[in-house]
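Shown below, as structure tokens, is a lone chain in the form predicted alone; questions about how it binds or moves come after it.
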């Protein structure tokens, strides 16, 4: 069983995010970064499947600058067997389409039985890359799964996903792509031996040239989705406390909604 897990390094959830001076990005000064939490569910599921079948390789793949190695090493410490780091200055400013193109090129270098993504990255929340890669690779996919069962012959899988009012159960032939959400499993932590072993595990570095992708096919100038302005939400004004009994409070509320909020 050959499994790939595509991950992204994102600002830690406790970080205080501020727009950059030009309003085109976030200010990354002083931010701490982690593996995207939804990607961790994909990694854990890959490790569980490998343990169940008793064989196989788990490869983690990510695009980013040198700092991305930290996230890849974290995944290796948790249990992944090898990592692929894709970095190239031309990738700066790339949109989800370009990212999907690059990941597809890297994934097509090997034959993977299963490819996992998180359902979305918590920095931009687009939730598009995994599905986009599936279309580019012409592979079946199931998004936002919360349970996965792989057949003993490793040829088929049964994926479960929540829908309004119930659960959708999908039979799917492998190879296939799945995007993961938090109900799928509980990610494990890296052990001290795992952290030590991670330093010795192989990490392959690809440039765009290695993937046969032209530098002018990606980047901000080729982006089909552009960010015009990034700004924090408006500060909330102080609330109004309504005094008196229930009848008086309702009367005052109706008046405020009509005269000040102008809802009706």
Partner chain sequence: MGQILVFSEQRDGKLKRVAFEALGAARQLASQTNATVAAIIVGKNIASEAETLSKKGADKVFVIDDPGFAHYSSEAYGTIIADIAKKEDTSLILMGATAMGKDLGPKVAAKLGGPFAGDCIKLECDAEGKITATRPMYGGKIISIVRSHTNKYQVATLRPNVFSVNEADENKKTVFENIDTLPDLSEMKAVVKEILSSANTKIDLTEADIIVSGGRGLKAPEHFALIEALAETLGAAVGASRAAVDAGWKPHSYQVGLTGKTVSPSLYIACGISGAIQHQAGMSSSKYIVAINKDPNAPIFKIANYGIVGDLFEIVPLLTEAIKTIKNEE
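Owing to the predicted nature of the structure, the values given are computational and were not obtained by experimental measurement. Residue numbers count along the first chain shown, from 1.
The next section is about a form of this same protein that is not shown, the form predicted together with the partner chain.
Residues placing heavy atoms within 4.5 Å of the partner chain in the predicted bound form fall in a single listed stretch, namely 227-235, out of 227-235, 56-64, 42-50, 205-213. Using a 4.5 Å cutoff between non-hydrogen atoms, residue 109 does not count as a contact of the partner chain in the predicted bound form. Contact check for residue 79: every heavy atom lies farther than 4.5 Å from the partner chain in the predicted bound form. Within this chain, residue 26 lines the site of the partner chain in the predicted bound form, having a heavy atom no more than 4.5 Å away. Shown alone here, residue 185 lies farther than 4.5 Å from the partner chain in the predicted bound form, counting heavy atoms only. Taking the partner chain as it sits in the predicted bound form, the stretch 223-262 comes within 4.5 angstroms of it through a non-hydrogen atom at 223, 224, 225, 226, 227, 228, 229, 230, 231, 232, 233, 236, 237, 238, 239, 240, 241, 242, 246, 247, 249, 250, 253, 254, 256, 257, 258, 260, 261, 262.
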